[in-house]
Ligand SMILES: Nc1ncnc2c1ncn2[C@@H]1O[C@H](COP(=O)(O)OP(=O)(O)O)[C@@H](O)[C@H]1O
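Take a look at this one chain, the form predicted on its own, written out in structure tokens.
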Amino acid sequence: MFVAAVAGVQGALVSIVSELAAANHGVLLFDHYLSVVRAESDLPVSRRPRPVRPLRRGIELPDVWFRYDDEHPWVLRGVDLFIPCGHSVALVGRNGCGKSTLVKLLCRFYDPTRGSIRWDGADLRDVPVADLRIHPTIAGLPRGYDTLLTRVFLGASDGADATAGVVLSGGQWQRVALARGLLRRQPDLMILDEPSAGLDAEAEHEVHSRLREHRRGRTSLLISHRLSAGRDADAIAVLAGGELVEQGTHGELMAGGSEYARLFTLQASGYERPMAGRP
């Protein structure tokens, strides 16, 4: 009985310590949550805001430089890029070359350190941030911003409601996110950042086939490490070290023996080359 009592006390103490650690972790996360929801935007507000007009000419990035702060190196260095209205542009390059950073600037999560981003000639810094983002879509959900896309945080009254929340796999989340973008009526700009990441080979083929149909005649920017995904784009822009080093169609870049051609050939050879010791 004594040994059993000691074991029981020990188990209870372990449980108490574990619960205290979990509570401490929860308090720390809640503090971070409060910091985020109470944080104000650090983007400057234009004194003369301009409404967002439907895209007619295109989006220009003239001599764009960016770094996250003065102590960090430049992520983008003098990028000159034009995305014509109704055309698709593929942005390719190695990891860390600045592709995702460029997307953040297009969405105005940050402003360029030097240069500007122009929507039909209008500087994005003069456009209200709310006009660039998807607030009306979220507000139209059954519970607005309170709509749950998971069943982890359901309350007692929602537990029996099968429609209150669903659990999706990573690949399903990817496809839902793509569907949201494709179902939007006449988007001025589609930004597709690694749209097939996390999908199996069959799903990836299906997604890119559908994307080719939806991108036709629309303004779009595609980012993918799978270079074959962007070969049918109207133009391919190659970033290296934060600089735009090459631009042209797939055929033009391949014929020129460029860095893009080297990377494309290297990636394609991985599918064609037989494994060692096998036919």
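Just count from 1 along the sequence shown to find any residue number. Because the structure is predicted, anything quoted here is derived from the model rather than measured.
Not pictured, yet referred to below: the form predicted in complex with the named molecule.
Next item on the list: Work out which of the listed stretches, 115 to 123, 78 to 86, 102 to 110, 178 to 186, brings a heavy atom within 4.5 angstroms of the named molecule in the model of the complex.
Entry: Answer to the contact question: 102 to 110.
Notebook entry, point to check: Any chance residue 205 has a heavy atom within 4.5 Å of the named molecule in the model of the complex?
Noted result: Contact with the named molecule, no.
Check: If you check in the model of the complex, is residue 98 within 4.5 Å of the named molecule, heavy atoms only?
Finding: Flag for residue 98 set to yes.
Next item on the list: Using the partner position in the model of the complex, report whether residue 68 sits within 4.5 Å of the named molecule, counting heavy atoms only.
Entry: Looking in the model of the complex, residue contacts with the named molecule include residue 68, since a heavy atom lies within 4.5 Å.
Margin query: Only counting heavy atoms and a 4.5 Å limit, does any residue of 1 to 34 reach the named molecule in the model of the complex, and if so which ones?
Written below: Result: empty, none.
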